[in-house]
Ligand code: SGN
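One chain is shown next in structure tokens, namely the form predicted on its own.
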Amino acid sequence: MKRNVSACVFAGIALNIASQEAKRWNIIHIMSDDHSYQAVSAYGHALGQKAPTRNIDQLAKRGMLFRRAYVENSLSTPSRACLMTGLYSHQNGQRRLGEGIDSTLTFVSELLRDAGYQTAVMGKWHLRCEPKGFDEYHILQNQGEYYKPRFRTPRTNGKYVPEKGYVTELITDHAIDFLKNRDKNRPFALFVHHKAPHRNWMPPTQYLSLYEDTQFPLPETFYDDYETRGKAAHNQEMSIRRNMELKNDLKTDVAVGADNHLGRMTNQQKQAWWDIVAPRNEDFLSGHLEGDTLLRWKFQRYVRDYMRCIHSVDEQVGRLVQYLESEGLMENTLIVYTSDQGFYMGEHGWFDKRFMYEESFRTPLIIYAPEAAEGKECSALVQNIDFAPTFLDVAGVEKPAEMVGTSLLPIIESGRQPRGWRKYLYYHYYDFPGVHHVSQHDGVSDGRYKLIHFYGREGTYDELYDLKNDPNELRNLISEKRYQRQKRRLQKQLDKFRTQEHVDEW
């Protein structure tokens, strides 16, 4: 379709004016994979206090911590599609892991590059299209491996080439290399996307003994029986008791994983693994644990490996920030730390994500901005569709009309929730049948009340929760008379989300 020349000239003039007025800060978006807010010590959760994330916490002290940050679809690939497009899953086409994003859509990276930014993505891409709008990329094959991971770059002719080392460290290496070799006369937008701490939680060998003597607290809902909830909670396959695998997830048989994991290690890494992990496995196997004793053992081993991976991520965040400080870049660089979704750390007896319940729906979000007040916290309802508009706002690029997210820059700069901010969040999970057997559902939340609608093969039903009086979401209120007004209000808003092609009213 041809564009009107006058319109193009006008748009160009408008862009130049906007760019002059914009901050034009550099942008760094750091995103880990499956990092729960419970495991960021700045949030004050009992789990995070046992394994502090000192460098991520330091970003929070120097910037803003968001208490109510959420995703639209708690799954890796759809979450990344929301990031790149500023659109909901039904608008960008990435509803499930296996479905491809609508690659005809304009990505935020393209708009930033057109505005003069140098753009790069390092680490996990996980979208079934080329990395559009990036001057440089160093991306993992599919999910990626922890040891000797394979990367593809513009110079490998479409091939994924193994690189010696540990994935979190290598991703940071490539991010810093990009910063060293950039055009220092232009701003940059760098996406640093870690694989860790994704299942099956393989830490760097230097941390195999870290937290081994730490007893992580069991969540209040660890023994949840799902009494008031529907079939989805009962039929899921993300139970630590039933579905967490002793061999693959908890590494109780070192030989079993040799081809996939140990086989990718150097001899020195393998030796460390054998010296440290093999004796533990012998102790476990000789104990013949059963029932709740086995369940608690599985929880401790799972969380220790998970938090070891987190420790490595935190260490590399610190390393990247240290480089920025050494180059004087903290004075003009916006830094975001987040995850692609939340994660269950034993709550309801689960691991993984997918549900609209808080631990999965909610995600950590910390943003550092130059000139902004330090140590602020924000309770506004924000979502991963807001990242693209925020970056465009920083760059002085007008948000496309079809982009439904909202810039967070006014919140960051003022330290307050602006008037007219959104009152509702929309969520939709589509990936059924699929891994972990979580039923399809959508829902709406106003931060206090949450309505979830389950549908599909396992039946159609609703659940309603009062997060103020029941933060653990144990009591489904859908049938209680005194909550029917809240139910009707939320249902009306949910219907509105479903029917609007572009959600522009809050």
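Just so we're clear, the structure is a prediction, and the values are computed from it rather than from any experiment. Sequential numbering from 1, following the sequence displayed.
Missing here is the form predicted in complex with this ligand; even so, the following discussion is about that form.
Contact stretch among 115 to 123, 429 to 437, 216 to 224, 359 to 367 - heavy atom within 4.5 Å of this ligand in the model of the complex: Of the options given, it is 429 to 437.
Proximity to this ligand in the model of the complex, single hit among Leu289, Ala373, Met330, Leu97 (heavy atom within 4.5 Å): It is Leu97 that has a heavy atom within 4.5 Å of the partner.
Have a look at His193, Lys251, Arg354, His311 for me and say which one sits with a heavy atom within 4.5 Å of this ligand in the model of the complex. Looking at His193, Lys251, Arg354, His311 one by one, just Arg354 meets the 4.5 Å heavy-atom criterion.
Can Leu75 be called a contact residue for this ligand in the model of the complex at 4.5 Å between heavy atoms? Yes, Leu75 lies within 4.5 Å of this ligand in the model of the complex.
Does any part of Gln341 reach within 4.5 Å of this ligand in the model of the complex? Heavy atoms only, please. Taking the distances in the model of the complex, the answer for Gln341 is yes, it comes within 4.5 Å of this ligand.
Is there a heavy atom of Glu473 lying 4.5 Å or less from a heavy atom of this ligand in the model of the complex? Glu473: no, not in contact with this ligand in the model of the complex.
Decide whether Arg150 counts as a contact residue for this ligand in the model of the complex under a heavy atom distance cut-off of 4.5 Å. Looking in the model of the complex, residue contacts with this ligand do not include Arg150, since no heavy atom lies within 4.5 Å.
Would you give me the residues of 141 to 156 that have any heavy atom within 4.5 Å of this ligand in the model of the complex, in order from first to last? Going through 141 to 156 in order - heavy atoms within 4.5 Å of this ligand in the model of the complex - there is one hit, Gln143.
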